[in-house]
Each structure stands twice: as structure tokens, then as C-alpha cells.
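Quick heads-up: it's one chain on its own, the form predicted on its own, in C-alpha cells.
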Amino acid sequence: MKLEVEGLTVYFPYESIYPEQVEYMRELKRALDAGGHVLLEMPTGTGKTAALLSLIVSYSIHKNFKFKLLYCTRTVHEMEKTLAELRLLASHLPTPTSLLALGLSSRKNLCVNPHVLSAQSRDSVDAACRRLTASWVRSLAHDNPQVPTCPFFESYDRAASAGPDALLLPPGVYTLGDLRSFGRSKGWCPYFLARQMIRYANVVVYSYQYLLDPKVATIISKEMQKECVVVFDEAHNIDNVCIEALSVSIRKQTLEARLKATDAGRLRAEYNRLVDGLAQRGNLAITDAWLGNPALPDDILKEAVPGNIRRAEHFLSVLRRLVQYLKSRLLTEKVETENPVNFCAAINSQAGIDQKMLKFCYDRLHSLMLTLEITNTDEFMHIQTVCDFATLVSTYARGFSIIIEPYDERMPTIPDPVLQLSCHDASLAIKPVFDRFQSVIITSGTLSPIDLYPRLLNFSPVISRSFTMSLTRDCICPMVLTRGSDQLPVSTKFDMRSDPGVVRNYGRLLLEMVAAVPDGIVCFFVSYSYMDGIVNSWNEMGILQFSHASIENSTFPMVMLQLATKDVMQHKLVFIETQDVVETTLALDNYRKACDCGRGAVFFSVARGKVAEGIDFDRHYGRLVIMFGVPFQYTLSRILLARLQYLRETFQIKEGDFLTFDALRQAAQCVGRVIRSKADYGMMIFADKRYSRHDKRSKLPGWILSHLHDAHLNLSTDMALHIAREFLRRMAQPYDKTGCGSKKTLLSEEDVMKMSEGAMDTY
């Protein structure tokens, strides 16, 4: 359909549209007109991605493609979904439009060379690619055909030599699979083709790290112009992504790195370049660039390398002294916390390494590895981590702490020393993005309370708004369960979580719901350790009794845990998320099979885990989600305590406010997995007495609170069971999907025209 949004013709790929999508587009249009940043919370299942892409692409067409859309996602799965939505939109654009959109991911997801793909990890794939494509390797292969190279890159390079126009992709939308297929058909490398094409594409879909992590952004996104519009989708955890991009952890194994300089002739040439003030050998070939400087672009020193580390042997001597100093700091028997200024002063006094030498550690290492023509970059990740640490700790005086812990406080008997450079200020990593691009759109289904994000990220949005969900029926049923059927309160508070009464009541809640709710049930726990503990307790109490024979004879051992009790197994199978990605993937596949065949299943998962962040349990895969407890962070974490202190002193954010905000956004993210469209329906049970408190409950998104009735607060297990049965009975009745009168929830072109003229009150 085609609709008008404040004078802009918008091409929308569906025959009807939700009222909140129209409102969402209006706010986006105003933000783009104002050229500012925007913060929008859109309920889950209301077509946020379709509305976002339709408005921005239509706006770009109206402006004759004068700007590029950079669409950032958290996972490859979300990237593929976005590109699929974009492909559908492209088919509804006017015929003369030549839209080029593509996804960009790592070599591991784009490479088509079987030899390179045989490597296991992402770092190993990168190193295997470098061994075949580095400029010096290709020079050797030119003289000696026995030296292996990558045929796909060689073919790509030959085509590139004919000029940039020879490599242009035809207009269209290219997923990662499409790029791989195109690369195979042409014999070209899809990864370097995608790297080349992002400068010509109208829409680029890639990971957050390609803009927020300086090590990657300086290589991938350095040529993006100011006129780009940046979208961070599912951005409820964007502050954590920013902090992780500037944080470094060093353990004992990190300090076992070895680096030797042996080629005297090349080292002399390098020394002469450094004397002349040249950090690198002119313009690097695209295959030679390794990770970029870990510091933000504005903080990198624009001057020559200090004279005392220009010679390779001198630089390696500095690295050895630095590594020895860090080793000595890891020998501590108590927790130590320092700020970067004091830490650099200690390095200077005890190891004789001044702050300027530390700042140039990354640049000097990068230059040395190019000089030595090192291709096995995966073998040097540890020494790079040390140099990243040195560069960051000497560059930033505020917003960071150095925390040295001899062991994990949760396992004090196991020595596991770690030295952490922890960033506390999320605004540092995202500031270059806000400063560089004209409009940055931060959006998600769980941004409540929305007024905290501008303070955490230190920016002023031109528009900040949270939308509600228009429904013709109450297809969402949130409940707060505060006690069991025996009236004992339930909670995962530290002093209550191990109480036998709490464990028993949580178990009875699960058993009652398994018997009453059809299809799939998803249960979220506050941590892996708590999930393991409560499952073991349920087993010991007789609530759950694992069938070891079924595990040993299973095709997928340790993936599907069949619970051999008459209560559970009579109704559903049980699957558990583990910290192993392969096991969890297999568990999810079998969970879906159990739901598809009508057997029904329960999936145990963890807040902040992979499943909570990226897996949808729509339709029959999730008719009920139970959030066992409030997923607070581990409040004794030294890193968390240091961040809380920084937030209080710098942004005047109270510790309790931030902890509650963080826990409730994680809880909302978990329960939001169950509703992915308005035609769907599902229940949410917040099983903890603390959710009944207004200061906790009010932090939930508005689209959940609007359906959380007073009668659904302070429930016991039997009351929740009664409400669940009544809700399922209502959902079984036929209903009008479009609504009627002033409550229409599915609008045609004519309805949108009336709505824009003010003749229709949609809310």
C-alpha cells in the first residue's frame, strides 16, 4: 500500500497497517526532518521493523538517495530477518527505483573457501584467510605457483583491476546467503565484495560492533558519510555493548604470549619509516588490515612513534617488562582497585614505561606485525589484548577502573586471577556515532523507563516516545504471582531463594501450568547457577526425577532432559538451555519438534542468555512464559559496584534506580519473547513478590502495564491457574482481527487518510 505521512509518500509492503505503525512513522519523519537523534519504544509484535524500513527508505527516495541507511542488529539471525523484510519492501517500490541493500558480517559467515571454513573459531577463520590473501603471500605466489592462495580472492582482485564499476552488484537486496551464492557463481570472494559494496549501497545491515567497537569501526565504517541515518534495533542493552567495546580482561594465559623479531633488513627499513614519522607502509591493502586502534578516533595521538620504541628490540623489551609487571599484579591475594592515572604511574615507577610509550603500544605492534609479515594473527591475539589494554589505560583518565580479583567471589576456593580494565561510561563509545551522523535512531520493544537512556548515553534526543499496542482483544495476560497455594511468599531474594518452601512452590507452579497450558511453555531463571540449583532441588524433592537411561540412550546426550515423573512427562517434554551453543541449538530444535507434533514441551532458559536475547517463541511455541524471580545483576561484583559509583557521581543515577531498571528491562525482554504479532496470544507470569511493589512494577514497558490489571496482582498459584484457564478459554473464541469503529486496529489506505485528516480517533 501507499500512504501519506506528513507530506511524504511512504511505500508499505502490506495491504493494511497498524495505527501505532503510522504514529511511529510520523515521529521518525519529524526526527529526520529535524536532523536529530531519536529514542522510540515500540511494543513487540507491532511491525516495528517494517515501519522503520518503509519510512526511511521512502524518505531516502524522496531525497534522491542523498543519504545511506546503516541498520545495526545484535545477531546474524536478526540481520537476516531485517533483510527479508527489506526484500519484501523493495518489491513494492516504484519500478524506476534502483535500491541496493546488503548485509555485512564476519568472514566466518561469508567465506566460500572450504579450506578457510574448516577452521573452528572466527579468529581462526580470519587468520586462515589472511594466510591466503595477505599482500606478501600473494607476491610470493606470483614468483612461486606452489604457494597457496585463495582462488576466490584472486578472481575478485582481477575483476577489481578493471575498475570499480566491474565489481558493482546489480540492484537488489542481498542476504548473507545471496552474497555467498553470487560469489560462487562469479568466482569472487563474497566477504571482500561486500566490504567493497557498502560504499555504494543504499542500505547496509550489520552488527553493532561495526559502529561501536573502535577496533572494527575504524576499518569497516571509516568511509561512511555524515548524511547516514543510523538505526540501532533491539537496543535495550546498547549501554552494555558500548561498555564491552572499551573493556579488556587479562588472565594468566593472556600473558604467555611470545613475539620474536628476526628479519633484520625489514626491521631496519621499518625503523627508518618510524624515524620519518610514518606509522605504516603507505596505504594498506584491504587484506593486510588487522584490527584497528582500540581507542576512539579523536583520542588517538596524531604524531610519530616515540624514539625509545622505534627499534623492534626496544619495543619488545618494553612489552616484556609490561607483561612481567602485569604478571606480578596478578599474584595479589586480595581484591585491588585503581584508577588509570595511578596504574600508569605505578607502571612508570616499577617497570620504567611512561604513559606515551603505553599509548603507542597498539600502533607499534601493528607496524611490527606488518613488517614481519605475520599471517597467523590468531596466534597473537593475547599479545594484542595486552597492547589494547596498554593503549586504553594510558589514554583515558575518567570513566575507567582497573580491578584485580584473585578469584571469583562465588568460588573463593578456586584461584582464577583476572585483571580487568572496566569501562563504566557507555557514552564514550557511542559519542563518535552521535557526533558523526545526522540522525541516530535507538529503538526497541523494552526501553522503559525511557528517560534513563539519554542520561546513560549522554545525549539529547529530539524525540523520545513510548507507544502502546492497539488490540481488538486482550491477547496478552500478564500476572504477578507473589505466593504459592500454601500462602508462603515466593522470591529469588538471596535470603529466600534456597528456602524449601519457595523451591517447592515454584515447582508446584510449574506442574500446575504444565497440566493446564497447551503446547509450549518457556521458563526463565535469574542465572545458570540458580537454574541448576533449583532443578536439582526439584529432583531431590521428587518433583523432578531425571531418567538417566533416557539421557544415555538419547541421540542428543545432555541436550534433551526427559523428566520421568508422572506429573511432568504425562503432559510435556523438558529441554534446558546450557552455556554450550551447539547443545542449546539442538535443544531448541527438539523443543520446536515436540510442540509441532502436539506433544508439548517446556524450555528452561536464563535471563541475559542467548535464548532470552534472540529467540522468538511465537504462536504455539510459547503460550506461557514464567519469569522465576527478578533478574538482578550479581550485586557484589566489583565491576558493577565501580560502575554504580561512577553513575552516581557523574550522572546522579542512584544505585537502586539503575539496578531496578536493568533487572526489569531484562525481565521484560524475557517475557516479550512470547508475543510476536497481534494474532498471537500468550500469558506472562512474574513469579516473585517484589513485582507487586509499585517501584519495581512501574519500570515495565507500558504495553505490558496496560494489560496488567489490579486483579492480576498479588496472586497465589491456584488463583493464577484459574486466570490462565479463563484466558485460554477466551482466546479459543473467534474474533474480528481488524476491529471496528473507533477501535480499528488494522487500517486500510482509506482509513489512514481519514486518520491523517483527524476524522478517526484510533485510541
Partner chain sequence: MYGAGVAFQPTSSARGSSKEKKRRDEDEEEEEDDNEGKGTDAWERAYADERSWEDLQEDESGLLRPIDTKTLVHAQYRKRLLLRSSTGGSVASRIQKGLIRYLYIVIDLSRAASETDYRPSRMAVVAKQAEAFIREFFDQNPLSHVGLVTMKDGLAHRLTEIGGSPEAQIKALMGKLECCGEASLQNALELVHGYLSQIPSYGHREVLILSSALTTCDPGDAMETVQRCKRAKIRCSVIGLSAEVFICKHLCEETGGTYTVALNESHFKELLLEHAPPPPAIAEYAAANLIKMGFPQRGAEGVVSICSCHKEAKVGGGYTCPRCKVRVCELPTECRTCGLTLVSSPHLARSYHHLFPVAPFDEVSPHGRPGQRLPTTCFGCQQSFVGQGGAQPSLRTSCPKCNQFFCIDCDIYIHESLHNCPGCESQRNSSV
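Positions refer to the first chain, counted from 1. Since this is a predicted model, take the numbers as computed values, not measurements.
This protein has a second form, the form predicted in complex with the partner chain, left out of what is shown; the following refers to that one.
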Find out whether any non-hydrogen atom of D157 is located within 4.5 angstroms of the partner chain in the predicted complex, and reply yes or no. no
V335 versus the partner chain, in the predicted complex: is there a non-hydrogen atom within 4.5 Å? no
D657 versus the partner chain, in the predicted complex: is there a non-hydrogen atom within 4.5 Å? no
Proximity of K186 to the partner chain in the predicted complex, heavy atoms at 4.5 Å: no
Just one stretch in 690-698, 54-62, 32-40, 714-722 has heavy atoms within 4.5 Å of the partner chain in the predicted complex, so which one is it? 714-722
Of V582, C597, L636, A346, which residue is found within 4.5 angstroms of the partner chain in the predicted complex when only non-hydrogen atoms are counted? C597
The one option of R623, R130, H424, H236 with any heavy atom within 4.5 Å of the partner chain in the predicted complex is R623
Along 130-147, which positions have a non-hydrogen atom within 4.5 Å of the partner chain in the predicted complex? none
